[in-house]
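Shown here is one chain on its own, the form predicted alone, set out as C-alpha cells.
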C-alpha cells in the first residue's frame, strides 16, 4: 500500500513560510509562549491534527495518505513495512514462499475483529476476493491482477496462488482485512460509515469530515493501546495548527508543520519535536517527448546546474537528505550511484556538445528557455524560484508558472509540461521504479491514472531489468534494482532532489511516540497517554 502517488496536495508537506513572514510568525508564537495562554486540554485522550480529511476509511477505496493511514489504525493488513521498507508480519504470524507462484500466510492465534467475531482465513479470502471483484469497483483492483485464486487451507492458513511469479505482491498484501460479511459489495456502505477491523483502535464516531474519534481495542494482538481516546481534527490552516499545539489543545501533528516555525515550537516546554529520515521523494520532472529535453545531455546539464544543498539547508532547515535515487538511502534496495552533482563547468560543456552554445556570454541571451510548472503551495513555488535562479546562471531561462493544484496535476498527468516538481509521499516497494519509468506506464488513454511515467522515458534495456525484478528473489531483486538505478542515473528522466524527514510535534501528554519513516500513524498503538496524575500537562 505504499503507492501513495502525488494525487493529493497533502503530499506537499511542510511548506516553509517566506523569510519575512516566518520572522513575524515566529515572533507571534514567542509572544503566545510568553503569555502562557494555553487553554485547558480535554479530560482524557489525545488529539491529532490533520491537514485534510480522509477520503475514505475503507482501505479498499482510500487513495489519499490520510485515508490509508487512518484505515491502518482500524483495519490493518497481514503485514506492514518497517522503516527500511522490509515486510514484517502484522495480523499474520508468519509468511513464506511455498513455490515461485504460491505464498502462504499463517495468522496469529486468537485474532478477533472489533465486533467480537473471530478473524480467520475465510475473512482474508473474502477481503482479497472483494478487491479483485469488478462489482466492488475498488480503484486498487488492477494491483491484484497477478493473483489467480486465494485458498483457505485451515482457519489460520491462507495461500495466494499466482498466475506467474510476482515479487511485488507482498506490498499489496498489506491491504486491510475485513469481516467476510462486510467484504462484498453489500458491505460497502457499512464499512464506509462505521468501519470494523482488527486494528489497535476501533471506530467510535465520525460526525463530520472535520472530526473523527477512535478508542483503544482491548483485543488487539499487541495489547490494548495506552491511549484512552484518539480524536482527529482537520485543521487546514498551518498557523491555526501551530497555535493549537502551543495552547495545549492538540497533542500530535505529523509532517504538517513548517521547518521555519519548528525552533519556536521547540521552545515550548510542553512540546517536543521528533524527526526521523523519511521516504518521501521530491523530484524535478522532465518531459522527454520532444525538443531539447529529449537530449540526455541537456537533462544532465540541468542536473549539474541545480545545487540541492542550499535548498535543503535553508528552505528545509536541514530536515531532508539530498537524493540520488527514488529509493532513500535506508531502503533495502538502495544502491549508491555517481549522480550528477553541482558542476556548472560540466553543464556548459554538455550544452555546447548538444548544440546550445552561449549566444553572447554570461548574463546575455539564454542558451535555452523552458516553462517550469508547480503548485501555488508557497514552499513548492519558492523552491521553483530558487532553481530558476540557479539555472539562469548556466544560461537556462525558466518561466515559473504556479497553478492551482488540480489544474497543475492535470497538466502533469496529460504531459502538458516541460519541467515540474512533485513529491511521492512514501516510497516502500521498489517496484515503484517500474511504475514510474517503464515504457508501458507512459500516461495515455488506457492508463490515464495508472501511468506514472509522466516524462515518457522509453528505455528497452531498463524495461527488461524492471520486468525481471518482478519475478526474482530478494537478493536477485537487489542486484537488478542496483542496475536499474545506475541506468536511471545515466538516463536522467527526472532529477532527484531530496527525501524529506518525517517530523512529529508531540505534546507532553503523549509519551513514547516515535515517527514512522513513512509518515504512518501506527506508532500511536505503542504510545502512552500521560495524565495529570502522571505529571503530564494539565
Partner chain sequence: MSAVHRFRLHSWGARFGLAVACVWVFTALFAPWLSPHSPDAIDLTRELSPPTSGHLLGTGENGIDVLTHVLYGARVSLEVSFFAVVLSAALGITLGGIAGYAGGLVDEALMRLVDVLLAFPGILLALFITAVLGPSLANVVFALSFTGWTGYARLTRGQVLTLRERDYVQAARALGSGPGRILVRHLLPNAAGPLLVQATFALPGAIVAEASLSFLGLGVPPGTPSWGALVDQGTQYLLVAPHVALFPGIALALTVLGFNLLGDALRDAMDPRHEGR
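Numbering follows the first chain given and starts at 1. Because the structure is predicted, anything quoted here is derived from the model rather than measured.
Not pictured, yet referred to below: the form predicted in complex with its partner chain.
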item	value
4.5 angstroms heavy atom contact with its partner chain in the model of the complex for residue 258	yes
Contact flag, residue 295 vs its partner chain in the model of the complex, heavy atom cut 4.5 Å	no
Proximity of residue 310 to its partner chain in the model of the complex, heavy atoms at 4.5 Å	yes
Heavy atom of residue 131 within 4.5 Å of its partner chain in the model of the complex	no
Which of 133-141, 360-368, 269-277, 234-242 sits within 4.5 Å of its partner chain in the model of the complex, heavy atom basis	234-242
Three-residue site 315, 378 and 381 fully in contact with its partner chain in the model of the complex at 4.5 Å by heavy atom	yes
In the model of the complex, the residue from 290, 345, 208, 389 that sits within 4.5 Å of its partner chain by heavy atoms	389
Candidate from 413, 247, 401, 221 lying within 4.5 Å of its partner chain in the model of the complex - any heavy atom	401
